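Just so you know, structure 1 and structure 2 below are the same protein chain in two forms, each on its own as structure tokens.
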Structure 1
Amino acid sequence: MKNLLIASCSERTGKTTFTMALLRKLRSKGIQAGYFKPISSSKDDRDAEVAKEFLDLPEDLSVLNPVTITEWDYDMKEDGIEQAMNRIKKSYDELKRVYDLLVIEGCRTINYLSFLKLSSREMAGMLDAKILLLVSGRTDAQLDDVLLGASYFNDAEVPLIGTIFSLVPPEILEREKAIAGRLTKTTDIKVLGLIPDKGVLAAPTVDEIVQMLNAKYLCCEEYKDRIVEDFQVGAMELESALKFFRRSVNKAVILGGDRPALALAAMETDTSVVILTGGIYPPSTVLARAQERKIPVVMVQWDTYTTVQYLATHQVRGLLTLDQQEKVKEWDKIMNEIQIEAMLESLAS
């Protein structure tokens, strides 16, 4: 059986979470399947660490993720590239002694590191893998991504077993199913499943947001695993605050530390975390109420506008962890709809 490399034409398609959910499903079927991420694109990449914990993997992180090459490392010399390839091959050989099938998480995008001949296309050839292409299903433009990806891999005679539309808005799910059928009929590229864009699937935890913002907990850090499905900015007059905050659940409320009355109003609604901006400590009444409501309050040094802009341009998507049982159950349901048997047949042929 060939290995399976999960690749994507664009970032933020949920590749890491899908890879872990797929491995969980394969293992439930009795398949000895392992996780491998040959190359990370950031020194802060935690994907292998999260996968190790979620899947209870015995291997060291240096084996699961042997190489990191950032976008500033394209000046790497030939001997550096050779050393990277040797580390990847060494880890691969170690993992293949244990597992019948490796699910390999591709790096960033399909063409990342093409200049160094270390892209997903080269990795698939080196690691005896076929490709599953994950594309964003937010618009019909994913069809262009599928055709681009198929051409990219076909040029190197790397087999593509199919594609999955990810992050499909629920309101266009039926439309995308029809488009998937048309794609298979006209191109012979199999669409092996669709993943709806449910908030709970990709929602980050409070702590993931705190880490991204380099924020400081002021209270209730023990509730850091609460899910954040929406963001609201507290910039209104107090009279209209409650009505506004009630529009959303499981939310993060971002407001100035000098607006304690708004913070108190937010905590009377379904709020996961209050993010105070400007480096301003709130009055003790705010923290006392937060303790009663079990709502973390955190503080950042940036002003509100900068904080909101940063969150908008650095979309944080939550990873899959065992303590997020609601998310795990939702992913299990989705994996039941993915054509796993067709996938395995393609890998075996």
Structure 2
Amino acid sequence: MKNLLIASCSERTGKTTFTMALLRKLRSKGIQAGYFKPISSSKDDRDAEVAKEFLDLPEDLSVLNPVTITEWDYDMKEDGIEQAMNRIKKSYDELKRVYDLLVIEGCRTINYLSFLKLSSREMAGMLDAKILLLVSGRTDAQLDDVLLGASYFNDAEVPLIGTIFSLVPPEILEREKAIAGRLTKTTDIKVLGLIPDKGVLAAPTVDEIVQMLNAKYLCCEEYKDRIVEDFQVGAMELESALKFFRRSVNKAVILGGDRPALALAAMETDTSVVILTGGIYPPSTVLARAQERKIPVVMVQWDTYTTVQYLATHQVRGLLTLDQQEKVKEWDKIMNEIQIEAMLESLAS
């Protein structure tokens, strides 16, 4: 039985989705691999639920994710901590019996809950897991994260099998590969792969956005699984609208319900959903065109500004689910580039 803990120095590096894709890959190779998220940081955390569905896991959610500890639980008593650890152990024992390889998803960042001695570092020690460190590859400064993480785990003698640069802008992918080479050369830390930052890999679906905004479908609900990679606000002159809308793909366009001509222009371009604000019902032509173009049109009661503010402050997470074929396919492609064999070798040694 081998255990691999996926940890990250910062939030929103795509840990959950990467974990799903990795497990899918391992299982496709015939490895009996299971998912485990010992601790989540919120009651709303759906990671285990998504994993159960995506990987068709037989275990109860209470086994896959036995403990939740929020930021407001740091005053937890000793016996509470012990209880949590017992529950984690109990789940782990159950999973151990079934799987040859357990992929464990760390909670938030590498040091979250370290005050309570429940961070990824302690988890790895307790569950005898090796670490795979996921870092954001937006700029070259991620190299510092890798070194910080390495020394953090090294202090506790938790072995690090390597790192993966995630969210690498595709435009500089080749450059980043060279930098990865330099890292391995100077530090001995293996870079096991790079994940390009492509909207399609992490994008939410139309329906996920609709649920979050509590919006109402006016038509074409059947296309609710289209992905949304970008948001655009329709507040321009009609003449320049096409040019503007064309610069973005798979987008949600937010505009007032009283601007049907703009909605029509948006639908001429690659749009996934039109979000009409102000509770204003559009003319039937807009909905007829939406039907022709297979683009859902939804309505919210808020004005455009409030809608945009809400979206900006409540980032939607796009989770990997089986009904998003395009996304699954893209991830499969990415996983083919990740050094799985090297990973497995490091785990075995």
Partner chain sequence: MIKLLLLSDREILENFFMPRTVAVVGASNNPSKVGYSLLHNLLRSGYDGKIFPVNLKDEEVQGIKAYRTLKEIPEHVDLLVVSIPSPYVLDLMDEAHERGIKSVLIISAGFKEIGPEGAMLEQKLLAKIREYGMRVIGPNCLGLIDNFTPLNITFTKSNSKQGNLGFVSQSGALITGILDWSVKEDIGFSKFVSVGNKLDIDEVELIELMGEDQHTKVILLYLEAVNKGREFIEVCRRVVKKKPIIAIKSGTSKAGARAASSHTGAMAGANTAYTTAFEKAGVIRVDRIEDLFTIATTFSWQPLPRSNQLCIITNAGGPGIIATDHAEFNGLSLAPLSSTTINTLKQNLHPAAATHNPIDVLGTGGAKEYRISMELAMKDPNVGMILVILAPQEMTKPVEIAEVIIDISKRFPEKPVSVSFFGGKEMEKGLELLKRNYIPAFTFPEKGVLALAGLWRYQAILSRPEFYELPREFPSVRKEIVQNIFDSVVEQGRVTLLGSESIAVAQAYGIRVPQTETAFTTNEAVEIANRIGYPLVMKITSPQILHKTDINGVRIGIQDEKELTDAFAEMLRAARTHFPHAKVIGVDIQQLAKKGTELIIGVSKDPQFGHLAIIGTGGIYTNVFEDVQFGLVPITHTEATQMLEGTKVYSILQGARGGKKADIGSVIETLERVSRLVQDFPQMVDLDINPLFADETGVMAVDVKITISKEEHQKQKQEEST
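Along the sequence of structure 1, residues get numbers from 1 upward. Each form is matched to the other, and the largest set of C-alpha atoms that superpose within 1.5 Å is called the rigid core. Quick caveat, the model's predicted, so the values are computed rather than measured.
Peer 1: Two copies of the same chain, shown separately. Which of them is the form predicted on its own?
Peer 2: Structure 1.
Peer 1: Is the C-alpha displacement of Ala51 equal to or greater than 2 Å between the two structures once the rigid core has been superposed?
Peer 2: After core superposition, the displacement of the Ala51 C-alpha between the two structures stays below 2 Å, so no.
Peer 1: Superposed on the rigid core, does the Cα of Tyr223 end up 2 angstroms or more away between the two structures?
Peer 2: The answer is yes; the displacement is at least 2 Å.
Peer 1: Superposing on the rigid core, I want to see if Leu147 changes position between the two structures - specifically a Cα shift of 2 Å or more.
Peer 2: No, shifts by less than 2 Å.
Peer 1: By how many angstrom is the CA atom of Val274 displaced between the two structures after fitting on the core?
Peer 2: Its C-alpha moves by 3.1 Å once the cores are overlaid.
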